[in-house]
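Next up: just one chain, as structure tokens, the form predicted on its own.
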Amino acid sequence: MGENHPIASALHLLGDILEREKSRSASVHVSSESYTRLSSLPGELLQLNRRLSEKEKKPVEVEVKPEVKVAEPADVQPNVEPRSSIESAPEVGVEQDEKWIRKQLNEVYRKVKGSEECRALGTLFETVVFAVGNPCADLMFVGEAPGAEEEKQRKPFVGPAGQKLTQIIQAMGLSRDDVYISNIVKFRPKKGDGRFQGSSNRKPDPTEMAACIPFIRREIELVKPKVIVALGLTAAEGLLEIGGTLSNLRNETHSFDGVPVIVTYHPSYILRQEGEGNPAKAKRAKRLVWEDILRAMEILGMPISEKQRGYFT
């Protein structure tokens, strides 16, 4: 469901209308019923898209007649690999050391680079932005999609929001080399056909995230983090396939294939609050994010000093 899809176009139109109304007055009145319905819409679209995608990919059963020769492995083209190999389990008896995990992650990268499904959407740029960090990390950060700076450097979270994330990691007593950082969508989303986009960015839509979910799922299987931190509402919706408000999703610990998931604000949220020139508001935004990080640290069993507990209070 790229930007030209009727549903996506309608949502973008609704967003433009709300932004226009907001610029005319201090607030935009939305009934509680409408707000609840709008909040649940992204999750419903993700679930609907997943069901439709699974239905389309269901293999067609073909009757094989006795006289039809079944190809031997030697007859199969070496560059043709089944899509399911993305999620294949490791061979029995293979030691899953860091070298082996890196090799498997490189294979995932190659799958991303050659993904016909992602390219067929027509709404994503060509440059792959994969992941950085420790392939054996206990903590994994997952964002939504790369922006212009990430596309340029081919690394996730290297722009202003990435610098803010680095500060958060350092406040935990860690470095970027101690954690694993990735995005759900591995390509920068286009605005329109992308010709006049410049350095501006947009969030990925449900179909773009659904096309890339197999890759992030495989990354999680390989890294085996003890905690995942979903950065922002879009990342939480794409990873957990649920809708709602970020304030509500923050209130509980979720699970992705058995791995605890903490939902928090995207680092860009802190940047926006700081940009408004209201120190009290910016401090509150930092505290909200830090409370979520403290929960992740507690799950990991990390030592937390009184100084760390008191940050931004």
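For clarity, every value in this text was computed on a predicted model and none was experimentally measured. Counting begins at 1, following the sequence as shown.
FYI, the form predicted together with a small molecule isn't displayed, but the following is about it.
J.: Find out whether any non-hydrogen atom of residue 180 is located within 4.5 angstroms of the small molecule in the model of the complex, and reply yes or no.
T.: Taking the distances in the model of the complex, the answer for residue 180 is no, it never comes within 4.5 Å of the small molecule.
J.: Taking heavy atoms only, is residue 140 within 4.5 angstroms of the small molecule in the model of the complex?
T.: Judged by the heavy-atom cut-off of 4.5 Å, residue 140 is well away from the small molecule in the model of the complex.
J.: Residue 205 near the small molecule in the model of the complex, any heavy atom under 4.5 Å?
T.: So residue 205 does not count as contacting the small molecule.
J.: Answer for residue 266 alone: is it within 4.5 Å of the small molecule in the model of the complex, judged on heavy atom distances?
T.: It does: once the small molecule is placed as it appears in the model of the complex, residue 266 has a heavy atom within 4.5 Å of it.
J.: Counting only non-hydrogen atoms, which stretch in 188-196, 237-245, 153-161, 115-123 is within 4.5 Å of the small molecule in the model of the complex?
T.: The contacting stretch here is 153-161.
J.: If you check 210, 145, 228, 216 against the small molecule in the model of the complex, which one has a heavy atom within 4.5 Å?
T.: Exactly one listed residue reaches within 4.5 Å, namely 145.
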